[in-house]
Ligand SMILES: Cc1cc2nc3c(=O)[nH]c(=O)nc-3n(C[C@H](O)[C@H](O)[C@H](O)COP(=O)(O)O)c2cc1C
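Here's a solo chain for you in structure tokens, the form predicted on its own.
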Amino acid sequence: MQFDMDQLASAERYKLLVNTITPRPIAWVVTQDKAGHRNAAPYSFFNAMGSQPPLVAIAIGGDDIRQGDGQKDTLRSIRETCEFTIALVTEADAEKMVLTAIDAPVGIDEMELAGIETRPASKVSPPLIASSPVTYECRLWQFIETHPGGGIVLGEVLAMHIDDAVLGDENGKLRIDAPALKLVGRAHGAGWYWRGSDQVRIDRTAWPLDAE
């Protein structure tokens, strides 16, 4: 069956995309506005976009629930301060992450609400989520407005923190034990997640192809 996107409502397009592009990594984004109000929220339209410069991309939709300028707190703070941090989400933190997705009033600290411990970042004002094995300190590189109140945040990664417990050495090269991170990603439909502890290895083939 073919679906022509220009013939569908936004909600229908969203449903088709999120039910087919899985698993999607989750950016647990922490911001802090100029008044010092902190905010944490998860976004699964997220991925790495390159290493020169080191960029990540997060798509943030508009706020069509609360009264205001149509922006979510996360996007408003990023555009105001140009700073944010990202934590990757573990199985152990999954329920707290979901709680921070609540439509709380402006000014509510979701990290306090969910009992999330933080620690200071080294290069930006928003804190890091202490329990995450991988966190990023980011500065806004570019914002692409795709619709009123929402768009794509391109963030330059200024610093990255990885738990020593998942780091190793193999023939003098740094290795990361990805399964040990026990990350979760978004799956199809509301409330479903993938675990990242299951992997399959398929090595790339070099050219020319080996003759049999």
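On a predicted model such as this, the values are computed, not experimentally measured, just so you know. Don't overthink the numbering: it's just position in the shown sequence, from 1.
Just so you know, the form predicted together with the ligand exists too; it's not on screen, but the next bit is about it.
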Does the 4.5 Å heavy atom contact test between Gly61 and the ligand in the predicted bound form come out positive?
yes
So in the predicted bound form, does Met97 come within 4.5 Å of the ligand, heavy atom to heavy atom?
yes
Partner proximity in the predicted bound form: Phe45 to the ligand, non-hydrogen atom cutoff 4.5 Å
yes
Asp93 near the ligand in the predicted bound form, any heavy atom under 4.5 Å?
no
Students should find that, of Leu113, Ala130, Ala101, Cys82, the residue having a non-hydrogen atom no more than 4.5 angstroms from the ligand in the predicted bound form is Ala101
The unique member of Ala41, Leu158, Val56, Val166 whose heavy atoms fall within 4.5 Å of the ligand in the predicted bound form
Ala41
Mind checking whether each of Thr22, Leu88 and Tyr136 has a heavy atom within 4.5 Å of the ligand in the predicted bound form?
no
Members of 111-149 lying within 4.5 angstroms of the ligand, judged by heavy atom, in the predicted bound form
none
